[in-house]
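Taken one at a time, structure 1 and structure 2 that follow are two forms of one protein chain, written as structure tokens.
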Structure 1
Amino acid sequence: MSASKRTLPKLLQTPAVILLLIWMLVPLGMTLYFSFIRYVLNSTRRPEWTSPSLSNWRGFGNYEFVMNSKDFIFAIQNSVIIVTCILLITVILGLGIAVLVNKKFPGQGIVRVLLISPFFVMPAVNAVLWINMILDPVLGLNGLAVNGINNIVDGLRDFPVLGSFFSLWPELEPISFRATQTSKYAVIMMVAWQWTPFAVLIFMTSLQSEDESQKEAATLDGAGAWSKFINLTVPHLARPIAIVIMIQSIFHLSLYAEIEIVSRGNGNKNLPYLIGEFANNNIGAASAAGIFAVILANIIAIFLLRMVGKSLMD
């Protein structure tokens, strides 16, 4: 009796498993196939390459082509740098802010609402808003603020004594965040702004379950606020930190909209963006780059899932 009763509940997970299996295997299989053949969207010289066929077999040629392309290593480095920076900023800021708003104070509810709002903003709006209205070197607040500082300094030059000090002050130039060297930081800034609230949300929930008596005991033993934070709160938050890191890595490794809107990948390609560029014509190369991305994602996934998975079942 119990055997038949047990089978049905177990079967209930099959629809989800099958759906995800199809979702994963079919496109991945096709990507794998395309990565071994010559396949381009437009070619007047070699029209036979414009439709996928086994007779256009190229072996590992696409992989070589991708590895030798000048942006490939850069894109991988850049993917890792962007994700790492965002993770560092969001986790550190998130910890600080979560502790800050966990105490009771007047207007706590409103403060929380204001703080978590950025998390609800869609990436496209986030990017448009930051790059145009805030970071633009002429029309954005960035340019206006730098102009304002320059004007104040100009005014101070006329003062006696202090004026000679301010006359040494250089005229400031607003930074253009669409430029090759800086577009990365614009993306990091806007994504960190959006995802810090997510970290805050998760840390806040965990802080509420912290053992207060332990902290009181530590206070009686003469522990300072900082040492309590490092020795009691941070270890208590180890698991939430792992989860924040994992979920954010999932989302940020495939960052695309922000990079596209900020600089069209200028100076700031990550792997998904590079694949997108290949895919404008050379599907074979895009697929090979895609397989590299899958490998990279798997390396990171194994690492992250180990970290979180260990304690998931107990």
Structure 2
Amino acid sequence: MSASKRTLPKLLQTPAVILLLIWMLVPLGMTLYFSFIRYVLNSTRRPEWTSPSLSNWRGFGNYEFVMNSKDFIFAIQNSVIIVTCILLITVILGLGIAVLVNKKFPGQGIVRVLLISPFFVMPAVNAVLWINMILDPVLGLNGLAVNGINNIVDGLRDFPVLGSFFSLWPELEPISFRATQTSKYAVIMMVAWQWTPFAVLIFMTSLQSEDESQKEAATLDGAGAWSKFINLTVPHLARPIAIVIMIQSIFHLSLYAEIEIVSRGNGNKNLPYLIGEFANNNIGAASAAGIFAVILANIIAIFLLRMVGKSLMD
């Protein structure tokens, strides 16, 4: 191949590469710059801090301020906990549902469309529906279900034989998922419900290429359904599982709307939410927290890319 033929493709790619670099490097560069200066929007004591000037250089002071804030370690721990729980739920449920709907049954197409539909709900709408219509302890399904169980138990207390047993049954109280201790579980449930269809779609597509002859041979050798699932189906889905974990981790590390709607950050903050709190006034601290978020995301991404790469090479 001549030099001109090798050069032409590179020249055609150059505008797109330059645009991509600008799109990535300019925001990152500005964030780095802001993280090293004092940049406070409503500083009446020091008006010069309200503009991003190099004369307001602070060095690593913003990073120390963020690290010493009371919610920094909690936000990192909460980010990891929420992402890990969502991944476990979506992968396990996605595998189970994909295997079930992969079998032939009447209305299979309609069921597949209904299963995938939650993925297209906007995150804010999803959070509002869950916290008000499902998890609300008074008007939601959560409160209605607990009240229904209590009413059934009250009726069973009048039975001559079982009444003495149910008289000892305590009255159940609905869980308030806006509370400090439980709000993270509400976020995990609603995000897992929305993203399980994504895992189902990926796994269903991959199951179409599974070698049925191996499963038939395993059946002839006396292997049961569980044995075939563990030894044949799961290894076949190793690459899709790795890809689902990687893609979902990237998205779930940036959760914000669900946390804001459920608890306003009351006992349930992750790094993006902490950045949002700083960004209300202290842009320098918010930028430093953003750099910490980038570092955390890259650590997780490197780990996941290694896992995906290993899976693809096996």
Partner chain sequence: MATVSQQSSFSKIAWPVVAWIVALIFFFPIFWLVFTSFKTDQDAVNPEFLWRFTPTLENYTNMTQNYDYWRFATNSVITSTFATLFALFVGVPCAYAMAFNPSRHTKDILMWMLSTKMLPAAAVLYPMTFLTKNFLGIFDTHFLIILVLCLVNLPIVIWMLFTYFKEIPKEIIEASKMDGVTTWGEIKDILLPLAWGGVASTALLCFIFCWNEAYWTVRLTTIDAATLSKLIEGNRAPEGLFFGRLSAVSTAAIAPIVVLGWFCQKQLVQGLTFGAVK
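Under this definition, the rigid core comprises the largest set of C-alpha atoms superposing within 1.5 Å between the forms. Numbering runs along the sequence of structure 1, starting at 1. The structure presented is a predicted model; accordingly, all values stated were derived computationally and were not measured.
Requested in this report: Eyeball the pair and call it: which is the form predicted on its own?
Outcome: Of the two, structure 2 is the form predicted on its own.
Query raised in the report: Once the two forms are fit on the core, has I295 moved its CA by at least 2 Å between structure 1 and structure 2?
Result: No, shifts by less than 2 Å.
Query raised in the report: With the core lined up, does the C-alpha of L25 move 2 Å or more between structure 1 and structure 2?
Result: It does not reach a 2 Å shift.
**Report entry** Angstrom displacement of the CA atom of T14 between structure 1 and structure 2, core fixed
**Finding:** Rounded to one decimal, the shift is 3.3 Å.
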